[in-house]
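To begin, one chain is listed below as structure tokens, in the form predicted alone.
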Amino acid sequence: MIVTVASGKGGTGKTSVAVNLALSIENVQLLDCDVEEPNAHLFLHPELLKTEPVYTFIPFVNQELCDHCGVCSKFCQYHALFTSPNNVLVFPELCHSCGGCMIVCPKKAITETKNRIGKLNFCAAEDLTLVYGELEIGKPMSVPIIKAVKKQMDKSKNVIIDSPPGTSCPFIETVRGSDFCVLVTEPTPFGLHDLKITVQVLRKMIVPFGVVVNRAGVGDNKVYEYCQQENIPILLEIPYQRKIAELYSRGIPFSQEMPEWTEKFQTLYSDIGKLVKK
């Protein structure tokens, strides 16, 4: 299966759930698509096998061929090109690499050039393989790196994907194609607010999902009431417990120090499989 672990808001414990789930089952590949701040490797301490750069393609204007007609600038919906009487300016951070400017240029003055936006890291931690992307500082678009990470997916393995928080384009690109999405939330007003938004998005995407409640025991019961009203399965509760928090702060997956949680995460994965088959 391809299981994505996501959350409507940051700080709910999404990565902790993804890592502990990956460590509790066999034949696993973990993809960290939270490329703006990847941190699964901080818990796994893996061996780095290799890195690969990630590029997008941006326009390169041959000023000798260009007659500054402005057709390319008018075509670009993202305003990545600006034409003046004497020059054409390219703004790489706005370019979506569609290639349309090359097609519409009447003088064929535009070609593509590489623009490095980040890198992929390929790692191994015992029997688990990890691939995570890193967006370079100052680069605004994470979706191309998320796509690059997902291209490394090994469908012969059980794939666990750590999603970026929120419900914008990076989340949608990460969840696309998943068999199931685990939504990690917390029993607080903020947790409930963002959970509702994420549920709306997943229902439009027609991706099955269930909820893991982290820090259970704090806040109120409104998350539970909402899930009951919306017929959303609560797959697991992780209590608000000092030992779990201490292990997390030391970068140790709590299932490794608390063996009973390995069984609970195995049961979680089994329950997900039953929901996918329905």
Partner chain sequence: MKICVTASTGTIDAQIDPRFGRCAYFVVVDSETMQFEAVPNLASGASGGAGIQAAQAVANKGAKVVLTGDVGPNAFHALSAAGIEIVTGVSGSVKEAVEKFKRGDFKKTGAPTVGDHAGVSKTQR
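Predicted, not measured: the structure shown is a model, and the values here were computed from it. Numbering follows the first chain given and starts at 1.
Keep in mind that the form predicted in complex with the partner chain is missing from the display, and what follows is about it.
The closest heavy atom approach of S97 to the partner chain in the predicted complex falls outside 4.5 Å. In the predicted complex, the partner chain stays beyond 4.5 Å of every heavy atom belonging to Q200.
Residue contact check for K155: none of its heavy atoms lie within 4.5 Å of the partner chain in the predicted complex. At a distance threshold of 4.5 angstroms between non-hydrogen atoms, E93 is in contact with the partner chain in the predicted complex. Only one of 85-93, 173-181, 186-194, 158-166 places residue heavy atoms within 4.5 angstroms of the partner chain in the predicted complex, namely 85-93. Shown without its partner, the chain has S73, Y78, H79, L81, F82 in segment 67-82 as residues with a non-hydrogen atom within 4.5 angstroms of the partner chain in the predicted complex.
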